[in-house]
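Just one chain is shown here, as structure tokens, and it is the form predicted on its own.
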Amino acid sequence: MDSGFSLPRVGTSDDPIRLAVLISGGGSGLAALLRYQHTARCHRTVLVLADKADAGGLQHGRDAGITSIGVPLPMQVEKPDRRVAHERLVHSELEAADVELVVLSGYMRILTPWFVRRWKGRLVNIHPSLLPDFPGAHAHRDALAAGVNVTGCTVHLVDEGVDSGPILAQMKVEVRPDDDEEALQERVKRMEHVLYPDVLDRLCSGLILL
């Protein structure tokens, strides 16, 4: 594995790893993680960030008493510089909250190398396919178009590519003959809500090694 990855320290229930969860929409994965963290774990969510001020998932964090902030793109910045300018704002929020691990959960923005370099090994994502199959934003559509019998979800470390970082764990889901994108998405999402917290447990307790 690329030696450029630097994993977080080992957390405990008494001194948990401080997580930030980045979302774009309704935050069902965030809600599942917060339910999981009702029991003391080796990780704790301390910050929720969304790339839209009105993202519905921010309410899950607020209901749990967690600082939850929308950080929209700075439209006043010229377009070529806007992505990095946005990521600088996000990075500042992460640093201010002493975040140790960034968890992407339905975060629909592709991160630039500038951001990835600063968090590499402490930046994790879940993708709704069995990578390396069907990367990108339309995994369910692509899986159905390919006619596969099995798909699933993948937790991976984020690198400078798109859904190309080292795979930490996968879970398979059957593709049924009558599936459409919505039905398949809902079934995969249920598996994501099981797999992601488990992988975070292993990553934050030092059971995943480079």
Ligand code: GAR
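These numbers come from a predicted model, not from an experiment. A residue's number is simply how far along the shown sequence it sits, counting from 1.
Beyond what is shown, the protein has a form predicted in complex with the ligand; the following relates to that form.
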{"query": "Contact check for Gly25, Asp163 and Lys189 against the ligand in the predicted complex, heavy atom at 4.5 Å", "finding": "yes"}
{"query": "Contact stretch among 95-103, 82-90, 120-128, 68-76 - heavy atom within 4.5 Å of the ligand in the predicted complex", "finding": "120-128"}
{"query": "The ligand contact in the predicted complex: Gly136, any heavy atom under 4.5 Å", "finding": "yes"}
{"query": "Partner contact for Gly29 in the predicted complex: the ligand, 4.5 angstroms, heavy atom", "finding": "yes"}
